[in-house]
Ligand code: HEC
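The data below hold one chain only, encoded as structure tokens and taken in the form predicted on its own.
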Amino acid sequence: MDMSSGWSIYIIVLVAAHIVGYLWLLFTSSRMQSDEHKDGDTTGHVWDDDLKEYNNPLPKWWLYLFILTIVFSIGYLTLYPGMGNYKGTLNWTSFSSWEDENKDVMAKRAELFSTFINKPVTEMVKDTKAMEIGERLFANHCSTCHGSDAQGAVGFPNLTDNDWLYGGDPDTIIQSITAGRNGIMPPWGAALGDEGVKQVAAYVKSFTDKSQNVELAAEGQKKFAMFCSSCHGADAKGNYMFGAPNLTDNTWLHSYDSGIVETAIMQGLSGKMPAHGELLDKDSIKVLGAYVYSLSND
């Protein structure tokens, strides 16, 4: 974006004044001719009684280097922008330079992608080069949450097993990456009460922990059918449509310890998978989706 004419004139005058000032300084500093100089002449400045400043001319190499830098600066400001709104004879900009480099990169990328991008995901996973690219994309965009080994953490799904909230087929994985996901477990504490929460928690835990109180779990099953089955299903095996997890296996997104089941029922839970559709193009998302698919499909 061009600056105002006033600022442009100010910058031009300032730069030109600096160059003229340097030339003047160079001239005044070097005007003493060597035949006029006498060894031992000083400026008259003395420090610590015996430290004197000699009035010697500039060394020739320093003088020529100074001249060279001034000539270089004039040449640079003629070819490239630096004098206000003057764009330089080459009409160069950092953005145009980036565009040229980006075109080269994208052309090479398209050539590389053409060898596998039109394959179905189930076939793309067999392409070594595609999986190497997918691994790098995962490291850059996904590993922060899911871990560098893709095995997740508390609240972040493990992508290397076959336990999926929304489904693990290629199309669903690509859709999750593109549009993101918003997972919401509503709080039921107000509707169930403290005792009801304990009962439902006992029923949920009874699928994998047979030490739960049978009577408590039986009451919890009734309440589960009323409040929870619409999302998790009557058999508690989850529903891909809602992202409701399977409660009958021993895979827990938010851990099984520290009373998390009771907390989830009482207070609810929420999670967000950010959308990457605006960060990555379709080809990159497909390659990334293929890599994620490969993690749980040998």
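Since this is a predicted model, take the numbers as computed values, not measurements. The numbering used is simple: start at 1 and walk along the sequence shown.
Omitted from view is the form predicted in complex with the ligand, to which the following refers.
Even though the ligand is not shown here, does F242 get within 4.5 Å of it in the predicted bound form, heavy atoms only?
Within the cut-off, so yes.
Answer yes if any heavy atom of I11 is within 4.5 Å of a heavy atom of the ligand in the predicted bound form; otherwise answer no.
Answer no; every heavy atom of I11 is more than 4.5 Å from the ligand in the predicted bound form.
Evaluate G155 for contact with the ligand in the predicted bound form, applying a 4.5 angstroms cut-off between non-hydrogen atoms, and reply yes or no.
Flag for G155 set to yes.
Would G271 count as touching the ligand in the predicted bound form under a 4.5 Å heavy atom rule?
G271: contacts the ligand in the predicted bound form.
Which residue, F207, W164, Y80, F116, has a heavy atom that falls within 4.5 Å of the ligand in the predicted bound form?
Contact residue from the list: W164.
Tell me, out of C145, L90, L112, A179, which residue has a non-hydrogen atom within 4.5 angstroms of the ligand in the predicted bound form.
It is C145 that has a heavy atom within 4.5 Å of the partner.
Counting only heavy atoms and a 4.5 Å cutoff, which of 70-78, 168-176, 211-219, 101-109 contacts the ligand in the predicted bound form?
Among the listed stretches, the partner-contacting one is 168-176.
Quick one: name the residues from 174-197 with any non-hydrogen atom within 4.5 angstroms of the ligand in the predicted bound form.
Read in sequence order, the residues that approach the ligand (within 4.5 Å, in the predicted bound form) are S176, I177, R181, N182, G183, I184, M185, P186, W188, L192.
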